[in-house]
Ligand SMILES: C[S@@+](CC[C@H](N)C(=O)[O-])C[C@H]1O[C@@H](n2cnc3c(N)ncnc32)[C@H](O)[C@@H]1O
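In C-alpha cells, one chain follows: the form predicted on its own.
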C-alpha cells in the first residue's frame, strides 16, 4: 500500500510516499487477460508500450501524434489507429463502423488537465456497456509539484526532489467530481506505481449528467485549489486498494464469446 508520511502529515510539497503495488502497465495487461477483453480503447498512446501489452480482439488507439516504438498489434486480432485529438475522435465516431460494438475496457491517459479527462470520461462511458471498465491514469499524484497544470512549471518545482520531471497535471480533480455528480458509479483508487490508477465500474452509458453540467463543473473545480492539502483530502476520503485486491475484485468479468481467440493469442 501507499506509504504515507508519519502521522499522515505532509512534508513540504509531498503528499504521501510512493505507490508500492504492481506497475500500472502490468495491472492493465493482467486485467485485459483476466476479462478476455474484446474491444479496448486507449486515449494517449504515445510510444505504444501500454497498448502493446493489452490482449484483446480489437484495439483502438487514439493520439494526436503517435511516436510508436513497439509492436502495437501484439496480442490482438485487429488494430485501429486514430491520429487525432480525442474530442475529434468522439465527434466523428461511428460506433458500429469504427469499433464494431461497445467497449469492454478503456484506458484514459490523454491531456493531463481535468477538464480534458472529464470530457474523455463522459464520451467514453457513452460507448461502453454497464459492465465495462474505464481506467484513468495519473489521478493519484504523490507530490504537489507534479500536479501543476503547466508541465514546465511542474518540472521547475520538482527539481531536486525524488519526483523530478514527473507531471500528472490536475486530473486528480476528476475523482471528487465523480463522487459529487455521479455517486452511482463505483470508483476504486488503486495503489499502482508511479501515479496510481482510478478504475470505474457500474457505468451508465445513458447518463447525461456530466455532459449537461460540464461547463458548471469546470467553472467550479477550476477554483478548487490545486494543492497538497486538497489532494490529500482525496486520499483521506477514498482508501487505496492494493493492485492484487483490485484485480481480484474485477477478475470475475469475461467478454469472451467462445471463439478461443484469447487462448490462441496468449498460448
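Numbering follows the first chain given and starts at 1. What you are looking at is a predicted structure, and each value in this text was computed from that prediction instead of being measured.
The next section is about a form of this same protein that is not shown, the form predicted together with this ligand.
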Of 111, 188, 73, 179, the only residue with a heavy atom within 4.5 Å of this ligand in the predicted complex is 111
Picking from 199, 234, 62, 228, the single residue whose non-hydrogen atoms come within 4.5 angstroms of this ligand in the predicted complex is 62
Among 210-218, 238-246, 31-39, 44-52, the stretch whose residues bring a heavy atom within 4.5 Å of this ligand in the predicted complex is 44-52
Discussion item. Between this ligand and 24, 86 and 107, in the predicted complex, does every residue show a non-hydrogen atom at 4.5 Å or closer?
Written reply: yes
| query | Is residue 116 one of the residues lying within 4.5 Å of this ligand in the predicted complex, judged by heavy atom distances? | reply | yes
